[in-house]
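As structure tokens, one chain now follows by itself in the form predicted on its own.
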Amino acid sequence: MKKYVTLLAVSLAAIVALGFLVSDIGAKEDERQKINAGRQINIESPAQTSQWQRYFPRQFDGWKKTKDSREVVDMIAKWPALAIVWAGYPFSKDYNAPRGHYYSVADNINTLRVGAPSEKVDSPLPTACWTCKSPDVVRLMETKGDLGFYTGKWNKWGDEIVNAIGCYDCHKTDTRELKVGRAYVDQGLRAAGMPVFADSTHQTKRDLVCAQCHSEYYFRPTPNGEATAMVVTLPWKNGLGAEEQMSYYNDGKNFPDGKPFKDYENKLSKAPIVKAQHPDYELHLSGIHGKKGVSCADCHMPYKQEGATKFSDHQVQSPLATMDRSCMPCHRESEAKLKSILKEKYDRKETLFGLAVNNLAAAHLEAQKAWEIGASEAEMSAPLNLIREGQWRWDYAVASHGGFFHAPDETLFILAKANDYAQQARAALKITLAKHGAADYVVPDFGTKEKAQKLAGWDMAQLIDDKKKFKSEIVPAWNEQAKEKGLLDEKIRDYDDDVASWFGKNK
């Protein structure tokens, strides 16, 4: 009898425990459905990311951790040749590796590239240089129209664009569905003969929300009344590869003036250069992960599990920081082995990067010397075009910082071609230099950032003084005006915004 009583007691205890477990699972499932269900986001300013917190607290907490990626890496100090190949273009003043999304507005304000605008002096760059930096851009495009947003100089929106990349860049406010708030994405997809965002699969959409900002683009001059709007345009008409995009830029039929496109003319060599931006999406598609249907979000925003709730980790960062969730669900090697493979790929990319950029820099300086000693335009046409072709491929391969990971074979192939073009240019220039009595010309030393920027013709001390004045006089006024308009999300402005390579501090 005692045996049956004990068995009954144990059974009852198990039933009670199971009841609690079912109740807990049910509660967590209710929570999961509540979090994942579409809902109206009733906030006045969806560009203020903190206002999404009450609806999506887990995602918000992840997003805010993007501020942990705060280190500034001065790329010109690491590779001084950058100042030479970009001479005459703002990137040669200042170029840092990208930080976390949390700093997108601060870093755009701090960079020397946008100049030091004042009440009397405009920025040298157009408003389009805000395009990928803030959900306020989406708001302005909706209220001002694309041409209204793209018309004017960068400082035009200084008191309007104040919130870092956030929820409204990628999500609708009436549901949690993905969106692209920038019209040029669908325009580029149509030009490429690809389905537009609305007609794409959900997995593709998880790429395209990133492609809004992580793609190659150029500013297309577009009439807007008596003014000209510089409209962000994706050069995908001929395809998404480096070769296809270069063929687009080289075809004058694609441009209003009937000439091949150039972003700038190198100040030293006079070569017409196309500055690659950050073709992460395009290179990703050409790599094994892209070809297998792995999306950007799968690796950079891997799923997290809390109880029964599964959600995307919005701390967008390198997959190497979350390998257990980003890599190991698919790969059977150890984390250590995968890291060693990636290090080999990275080292090979860095080697070819260095060879190509240093040869390109030398070619620019040799071309400058050739002009100085009387070379003709007919003599310079071929080598300058070789520089243009080589620099495009070099820049395309490395402007996508993760190219060595996304598409290592394609990245190395493009860099090899870039170096070949650079060497061809140098060989042609050697002949021209010899013809004009300068066979013994030796390229000046550009081995440090200071030397390279001096050769590029920048007065860095003056640029920095002007920037400090801008930071102390103009930026505080912008922030006050943004507060008065109710635009500034002060709850998340808890960072030191005087962090930049030229400040002499990087954390």
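Sequential numbering from 1, following the sequence displayed. Given the structure is predicted, the values throughout are model-derived calculations rather than measurements.
Separately, the form predicted together with a small molecule exists; it is not shown, and the next lines address it.
Trainee: So in the model of the complex, are 273, 365 and 393 all sitting within 4.5 Å of the small molecule, heavy atoms only?
Mentor: The answer is no; none of 273, 365 and 393 reaches the small molecule.
Trainee: Pick from 352, 229, 296, 375: which residue has any heavy atom within 4.5 angstroms of the small molecule in the model of the complex?
Mentor: The residue in contact is 296.
Trainee: With the small molecule left out of view, which of 289, 417, 267, 388 would have a heavy atom within 4.5 Å of it in the model of the complex?
Mentor: Contact residue from the list: 289.
Trainee: Among 172-180, 116-124, 217-225, 432-440, which stretch sits within 4.5 Å of the small molecule in the model of the complex, heavy atoms only?
Mentor: Stretch with heavy atoms near the partner: 172-180.
Trainee: Answer with yes or no whether residue 336 is in contact with the small molecule in the model of the complex, where contact means some heavy atom within 4.5 Å.
Mentor: Output for residue 336 is no: heavy atoms all beyond 4.5 Å of the small molecule.
Trainee: Does residue 190 reach the small molecule in the model of the complex, with heavy atoms at most 4.5 Å apart?
Mentor: Answer no; every heavy atom of residue 190 is more than 4.5 Å from the small molecule in the model of the complex.
Trainee: Hey, in the model of the complex, is residue 86 touching the small molecule, heavy atoms inside 4.5 Å?
Mentor: Output for residue 86 is no: heavy atoms all beyond 4.5 Å of the small molecule.
Trainee: Closest heavy atom of residue 424 to the small molecule in the model of the complex, within 4.5 Å or not?
Mentor: Heavy-atom contact with the small molecule at 4.5 Å: absent for residue 424.
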